[in-house]
Each structure stands twice: as C-alpha cells, then as structure tokens.
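Take a look at this single chain in structure tokens; it is the form predicted alone.
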C-alpha cells in the first residue's frame, strides 16, 4: 500500500469496478472483489497495487510481482504470472492513467495549501467590480482585479494575481504565485505554480539612440483543457492574440512568444522556446530544449526531437531532429 501522504486519502476501488471504469477485461472474474488502493512500478507492486507493462523489457520483473493486477495489452497477457490477474486493454498506458486518476484525484491538479473548508478567504484581495460565480475557491493573498470574471468551480490558490478584465472559465485551477493578465481562459484549464501569462512580448524597434519599446496590445487566449507547467511563460500578442489550443499540454519552463498560435492537443516539453508569430498545427509534439524560429509554420502532426533548432517551416506529419538547414526543411 502506498504510504505517500502528499496526495490525500486513497480512493479504494474493487478490481471488477476498476476494470469497467478503464474499459479493460479482467482475466480472473473470481477475484473481482479484490480492493485496489494504489499504483506502483512492477518491481515493488504489492497486493493492493496495480501496475502496467508496455513491452517485453520488463518480463523478468513480472516473476516477483505481487500486484493486485497488471494492466497489459492482449499480446502480453501470456507473460503475466498465473497467480496475478491481468487487466487486458488495447491501450494499457491510457488505461493505467485513468486508473491512477481514480485512485489519486488530488494529484490531478494543484491543491490548496490550507486544510480548512474551501471558499473565499478573507485574506484575499478582490476588487468590488469582479464577478465571482458560485463555488469558486480563492485562497489567502490572492488578488482578483477589476472586472475580472471567475467561473464556477474554479480555484485560485495562494498568491495568484488575476489582472483586470481577465476571464477564467469554470472548473479551472490557477496555482500559487501565478500571474494572469490580458487573457481569456477557458474551462478545465490547469495552470501550475509560477506561470506568467499575458506579460509583454519581446517587441522593440531599433533607433539611433537605442531600442524603442513597441507596445504589446494583444491578448492571450487559452482554450479548454489546456495544462501549463510550472514557471512557463505565455506572452500576450503584439497586435493579434497569442492562442493555445484546446487540450494542449505545456511542460515546465517553456517560453511561448507573442502572437504564437498553437493548435489543439499539442505537447511541448520543458525548456522549449517558440519565437513570436509562429503557427503550430494540431497534434504537434515538441521535445525538450527545442528552439523554434519566429514567423514559420509547423504542420499538424509533426514531431520534433529534443534539442532541435527549427529555422524554417516544417510540413505536416514530418518527424525531424537536429538543426534545420536551408528552405527545404531537411535535417
């Protein structure tokens, strides 16, 4: 049983119910009443844990596994020891993710720091013109600016600053010490601690006396189900908007420049940087420490390996790595 105290009480579930919830087939219905309480890797999974296997690389570890059940693909079912039930799924990693979310709901998004009842803290600073819907949680020392709108079920954690006229949809979570300005956020958005949204983009004009600042008058639009990792930054547009599409996941320490448009269900990994006015299609995957030039296009479904330098546009579906050379998009 997992003894990690940071994620609250476990949510135990019967094995047969779990199988139904994650759309898997339980190989031994006779143990359907077995309780599952935690997740664990194969090598240390115990009788109340579930684990999963994706390939034959972990076959040896199965011999000493004592898990309540192992999630696996049909092709790997025969490798599971006879005394350990299998949860057979066509998408085992997806099934395991769903199981983990059922068992550890508190790990799905940042949690409030205090154990007292949720609500609006008297230590929060909320402008009288802000519109706060029912069931919103606002933690101590958060600041809600003039005419801001916060949707029902949203949580604003300690020290977060929500600027004037910002709109945040329903059931979203804004982590501690986040700042959001000049932005419209959708529903079910998760913003981890330290994120900066809506600050100036890098816009300057050279002059005989030095760099002259260009006012940045665009917005940031963040659509539904976006998640942004800790200490990432999303610059507002210079004139047009910076847009993060529905379902896109951005890791920690990522920089998104002004006017960037990112499509739906993209993944951008830590320390990547996207320069201004670049357009990224749907389903694009960008590896860590990748640098992407400004004013180019990354086609839908493209995959870019970590530590790449992307100088020119990338066609849809391309798989690239390294540093681009020339206009052809080759590596």
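It should be emphasised that the depicted structure is a prediction, and the values quoted were computed from it without experimental measurement. Positions refer to the first chain, counted from 1.
Here the subject shifts to the form predicted in complex with a further copy of the same chain, a form of this protein not shown in this document.
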*Pick from 84, 253, 149, 73: which residue has any heavy atom within 4.5 angstroms of a further copy of the same chain in the predicted bound form?*
253
*Among 189, 80, 142, 260, which has any heavy atom within 4.5 Å of a further copy of the same chain in the predicted bound form?*
142
*Heavy atom of residue 212 within 4.5 Å of a further copy of the same chain in the predicted bound form*: yes
*asked:* Although the partner isn't part of this model, could you tell me whether residue 134 comes within 4.5 Å of a further copy of the same chain in the predicted bound form, counting any heavy atom of the residue?
replied: no
*Is there any non-hydrogen atom of residue 66 lying within 4.5 Å of a further copy of the same chain in the predicted bound form?*
no
*asked:* Taking a further copy of the same chain as it sits in the predicted bound form, is residue 196 in contact with it (heavy atom to heavy atom, 4.5 Å or less)?
replied: yes
*Within 199-236, which residues have a heavy atom closer than or equal to 4.5 Å from a further copy of the same chain in the predicted bound form?*
199, 200, 202, 204, 205, 206, 207, 209, 210, 211, 212, 213, 214, 215, 216, 217, 218, 219, 227, 230, 231, 232, 233, 235, 236
